[in-house]
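Next up: just one chain, as structure tokens, the form predicted on its own.
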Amino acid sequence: MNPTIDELEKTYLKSEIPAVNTGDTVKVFVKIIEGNKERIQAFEGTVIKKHGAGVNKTITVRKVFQGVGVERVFLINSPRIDKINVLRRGDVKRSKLYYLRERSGKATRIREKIETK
């Protein structure tokens, strides 16, 4: 759109972020500040949604913790995101996996994408 805004946004883009797609199992390491201390907390789950582009790109990660579904939205280019590890690639045919919210147990399994070299 506006070349001035595009140029400004390029300075905030992270370069070391891996390609994350819907259906992938990822581990997101988030910096958490408690008082005057800072620590890194991992959140591992399945990417059910990608949204936005450029600086505003987000992913929604879902996991089940103690029988309760927990979803968290991460701004990929945020300075609070330390790193993102892709643990396994999912082979899905949809861009939004909202149907996983109604499923539990083995019904939430996603096929793994076999990558050939």
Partner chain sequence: MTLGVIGKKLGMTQIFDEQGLAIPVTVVKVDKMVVTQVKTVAKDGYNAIQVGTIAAKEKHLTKAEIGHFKKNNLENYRHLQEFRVENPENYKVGDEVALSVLDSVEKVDVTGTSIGKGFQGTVKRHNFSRGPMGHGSKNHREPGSIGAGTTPSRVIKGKRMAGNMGNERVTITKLKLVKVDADNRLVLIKGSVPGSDGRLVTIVPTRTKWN
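Numbering follows the first chain given and starts at 1. In this text, all values refer to a predicted model and were calculated from it rather than measured experimentally.
FYI, the form predicted together with the partner chain isn't displayed, but the following is about it.
- Judged by heavy atoms within 4.5 Å of the partner chain in the model of the complex, the contact stretch among the candidates 75-83, 41-49, 61-69, 88-96 is 75-83.
- Shown alone here, Val28 lies farther than 4.5 Å from the partner chain in the model of the complex, counting heavy atoms only.
- In the model of the complex, the partner chain lies within 4.5 angstroms of at least one heavy atom of each of the following residues of 34-59: Val55, Asn56, in sequence order.
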